[in-house]
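Only one chain is included here, represented as structure tokens and corresponding to the form predicted alone.
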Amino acid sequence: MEEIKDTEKQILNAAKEIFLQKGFDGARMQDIADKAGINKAMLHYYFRSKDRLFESVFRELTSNIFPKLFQSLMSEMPFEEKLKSIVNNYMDFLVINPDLPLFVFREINSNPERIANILKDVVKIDDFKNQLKGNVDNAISESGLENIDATQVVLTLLGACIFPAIAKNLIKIVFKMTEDDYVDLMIKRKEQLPKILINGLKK
């Protein structure tokens, strides 16, 4: 049993590396098998199709972030503190997984239905979206914030977190930054982004 789990983990690690590098369309099961150090027949024994393997990789990646975001949303903290917690957790996740945003961006452009279906089924994205919308609506009614569509707030939050990760190399060139400069910028952004968003919601 332990050997089965080790082999599955070995395959998932190899698949994650190949998918992040080549995307779903560019990844070949043979490449993943070679990377995992097994034959293709064994790969198909554990994961019968590339779709199933992709979903497993995506499930593992998203399981590292969504529970933390849900925990922040369901807490008793004031809305501004929830926003800080969401931004901190999300940006920390992006720093640890720098290739993920560009990978997801590519896959969304290539096959948005596949990503949407996995998100709905695996990470209950609708629950997260509705919970966040409810938090924004409550904060608007209770705190006298500007009455702005919660969907716009969600899109702004996601875009503000994701863009610096996707455009990392461009940012470093334009602003003449070293890797340490970029990391320092992201640390400061974690502190300042919630304030920017809250100030934008204030009347």
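Residue positions are given as counts along the sequence shown, with the first one as 1. Everything quoted here is computed from the prediction, not taken from an experiment.
Note that the form predicted in complex with the DNA isn't included here; everything after this is about it.
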Legend entry - residue 151: touches the DNA in the model of the complex, heavy atom cutoff 4.5 angstroms: no
Legend entry - Heavy atom of residue 5 within 4.5 Å of the DNA in the model of the complex: yes
Inset, instruction - Decide whether residue 41 counts as a contact residue for the DNA in the model of the complex under a heavy atom distance cut-off of 4.5 Å. - result: yes
Inset, instruction - Would you please decide whether residue 30 lies within 4.5 angstroms of the DNA in the model of the complex, comparing each non-hydrogen atom pair? - result: yes
Inset, instruction - Can you check 66-74, 170-178, 48-56, 131-139 and let me know which stretch has heavy atoms within 4.5 Å of the DNA in the model of the complex? - result: 48-56
